[in-house]
Every structure is written in structure tokens, then in C-alpha cells.
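What follows is one chain in C-alpha cells, specifically the form predicted on its own.
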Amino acid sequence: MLLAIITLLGYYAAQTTEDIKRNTENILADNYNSVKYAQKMFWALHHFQVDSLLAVATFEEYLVLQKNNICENTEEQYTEKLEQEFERYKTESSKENLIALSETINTLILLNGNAIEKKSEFATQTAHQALKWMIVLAVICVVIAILMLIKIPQILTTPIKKLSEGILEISNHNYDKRLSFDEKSEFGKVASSFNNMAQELAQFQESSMAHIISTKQYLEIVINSIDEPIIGLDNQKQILFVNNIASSILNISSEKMIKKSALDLSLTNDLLRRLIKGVDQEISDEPLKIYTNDKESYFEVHYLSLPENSGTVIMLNNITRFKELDNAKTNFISVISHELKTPIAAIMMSLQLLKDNRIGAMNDEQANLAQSISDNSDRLLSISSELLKMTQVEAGVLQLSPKITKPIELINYAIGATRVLADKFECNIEVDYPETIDKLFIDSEKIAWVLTNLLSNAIHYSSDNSRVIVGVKQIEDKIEIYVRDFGKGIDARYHKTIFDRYFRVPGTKVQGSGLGLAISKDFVEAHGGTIRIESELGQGSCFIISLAKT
């Protein structure tokens, strides 16, 4: 900053000197005016014989201007003489008077010309001399500023550098660091304050270390007392803490894990690698199966982010007991569903015998009762079948027998299976099938069951004398089979939950188990496909199955 000020000062001085030079030259302008006026009068003098009136007027005009522009000592004397000779010439316009006027005018021109030359030379020399000295002074100031720029920062930064080094030592927990400066210097008080701070920090560290150690031991006891596996990582994926349960299921001692890189340990541990993977990216919500304590256990993994992204806590929730209960429930439903089929079949056979006219005709009341028993038997048989399919999916024993199938075959099967139901509700089933469509490689029996279930639902939820559209369309490498009805539609709030087991849309009057769509979703996803719904209230519903073409 000092260097900039001095440089500007030198520049300003040089510029000022230059301005003085220009102003001096402006002063010489009066001499130039005198020469100009004399030349004009000289011109008028030579035109007295041509146009005496104009010449006289011009001469008088510039004579007045000359009288008001006296800038030399003897110039006034010659101007008065010129005025007298002009008056004499106007009285007697002789050649002698004309020559006298010319000589006086020439004398004025010569007088001002010499003055101009002398003043110009003097002003120029003075300005150049001043400019030279100002440049010299400016250079001297710049040199002094450069020396100050080099020396003064060194004087100032030396104690600052020592202070910075001291602060760095304190930040590295070296509280024995002390600064030494002259007490009378500017940094004397700073050094004294720094030394006091370091001493207090040292005392604080000594007094709080025992508390910190006891707190750490307390936290370790709390973490180890938790029955669920817990692993703590910092933002560099270094293991901060791990409880005994986690150490057990990882089969690595805690001493070998604390303050070690989880990434390095995961190279030889599949379970740890699976857990670390979930820190950076979303993984499946499926329970994690781990073989521990001589049995299979199931865990849900939860990731808790520490404040300011300082790390992550991995918590494993043991759900083995719930998984076992779920398996027991699945086995129970499977057994019950299978056992129900025998009495249901016996009931339906008995109904067939009752309806046989050879045994005897039934009255209307008996016929209605028999029909009611038949309908409920069909419903029980359908529910039992759905429960069996659900237990197959849950138990993981769903077997697929894929083969190349035309989509029209699935549609024809579904229409044939629901023809009686469609006739009952007077529902017209329309088919929208393109001229050319690729084939599917699927388990036709299961996908046909899905399509039949969707078509049956569409008929049930349509009004009488309505229509249902079953169609196929191909989008790139996907084939979509859809069932569209024109009923009251399904609220968008239930589009995601409608495929959940046992879920039924509130206010639905049609009876059902709430398993059909859930089983349909499982069957379609087992083929690597998807099923979705497009529906608006009052606009009907459209269920779409998307499968890969062959």
C-alpha cells in the first residue's frame, strides 16, 4: 500500500509539473496575440489604397485590441507611437507616414517575437528541470518503499510465525509449548496470554482425562450390554466401536477391529462386506440370514447417520423369533388349506347327489339352500387354493415350468375360465390383440391364473351389462397384457397397498380373501416381470402385467 501511495505521488508530481509547463505556455499566448494583431494592422496598412474604409476600420479594430494586450515593458510605448502615427496618416496620407507606420508595426512584431522565444525557452527549461527532479524523488521514494516492503514484513511476521507455530502445537495437544518475546514488544502481552492458555489447557487435560476414560468405559459397558449387534464407523469407515454380539457374528475379535479400516477387514469377511455395502448404497430390505450359534438367524439391518456426516452406526435387529413364527404360520395355513380340500370335495359331491333328480326332486327352498351351499363351497375351495399358492411363495418352494407361449393362449384360457361368471353379470369381454406380437417364455399355468384372477375381479367390480377389455401390446422388449374395466375405479391412495396380502379396498362389497392380487404379484415377479394399476375414481381400473419377450 505504501509503495502504491509513493508511486501515485511521483506520478502526480510529474503530472503537476507538466500542467505548470502548459500553463506557462498559455501565458505566452498574449505575445502571440500581439503578433497577430500587428499582422492584421500590417495587412490593413497595405489595403489603404484599395478599400480605405475597410482598411481603416480593420486597423482601428486591431489597434484597440493591441492597446488592451500590453505584455512587455516597451510595448506600451510603441503602441502609443503607432496610434499617433496612424492619426497623422489619417490626416496626411503620405508615403513617409505609411513607411513610419510599417516600421512601428514591424518593431511590435519583432518585440513580441523575441519575448515569445525567450519565455518559451525559459519555461521549457524550468519545466524539464522540475520534471527531472520529481522523477528522481519519485525513484528515491520507490526504492525506500521497496526496502520497507522487504524489511518491515520480516520484522512483523517473525513473531506471528512463532505464534502460529505455537497455536499449531496446541492444536496437536502439545500443551507444554511456550512462547518467549520481549515483554516491552507488541507481542509481549500476546505471548503471556498464550502461555497462560497453554498452562490452563494442560491442567484441564490432566483433570478431565480420568473423567473421559471412565465415560468411555461406561459407554463400552452399555454398548456390550445391548443384545443386538452394533458397529460404529467414522466417515473414513474406520471402526470406532463394536459390541460383543457383533464381534461374535462377524467371527472377529473386537481387539482386531477397533481403529481398523472396515474396508480392509471386509476383504476377508463376506458379512462385513455386505454391511459396509449398505452404508454407501441402498440395498434390499430382505432380512439378512446369518449362521450363528449353530443355527440360522435372521437380522434386519438399520443404518443411523451421525451428525454432520461424521460417521455411521450399523444396528442389526434379530428377527429370528418372528421369522420362525411366520414360518409356523405358513406351515399351519398350508396344512389347514390342504386338509380343507377333502371335506369340501365331499360336500360338493354330496350336493351333486342331492341335485340328482333320480333321488328325488327338491322344492324351491331346498334348491336355493343347495345352491347357497354350492356357492360357499366354491368360495371355500377358491380360498383354500389361494392359501396354498401363498404358502408356496412364502416357503420359497414355488416351482416354475416355463415354456414358449403365445399371449392369445393366456387370454383365451382366462376368458374360458370366467365365461360363466361373465354370463351371470351379462358382461361383454372384448379382446384387443395386435396382428403381430412376440411370444413369451413363461409358466403359462401361473400367468394364466393371474390373468384369470384379474379378469374375474374386473367382472365382479363392473356394473351389469358392462364391458371389460383384455388386450396385449408390445413396448420395445416388453410385452404388456392388460385388463381394463369401466367400474367405479380405485382411489390413488390404495394403488401401492392393493397388492398387499389380506388388503381390501375400504367400502368394497364384493367378498374375497384379499390374497388374489398379492399372489398375482408374487407369480409375475417370479418371472422377472411387474404388475401395476392405473385407475381413477369414476373412470374404471386397468391392471397391467409386463413381461420380457422371448
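Just so you know, these numbers come straight off a predicted model, no measurement behind them. Residue positions are given as counts along the sequence shown, with the first one as 1.
This protein has a second form, the form predicted together with adenosine-5'-diphosphate (ADP), left out of what is shown; the following refers to that one.
J.: Only one of 83-91, 366-374, 455-463, 195-203 has heavy atoms within 4.5 Å of adenosine-5'-diphosphate (ADP) in the predicted complex; I'd like to know which.
T.: Result for this chain: 455-463.
J.: Tell me, out of 524, 63, 35, 515, which residue has a non-hydrogen atom within 4.5 angstroms of adenosine-5'-diphosphate (ADP) in the predicted complex.
T.: For this set of options, the contacting one is 515.
J.: Which one of 505, 56, 70, 492 is close to adenosine-5'-diphosphate (ADP) in the predicted complex, taking close to mean a heavy atom within 4.5 Å?
T.: It is 505 that has a heavy atom within 4.5 Å of the partner.
J.: Looking at adenosine-5'-diphosphate (ADP) in the predicted complex, is some heavy atom of each of 485, 498 and 543 within 4.5 Å of it?
T.: Each of the three qualifies.
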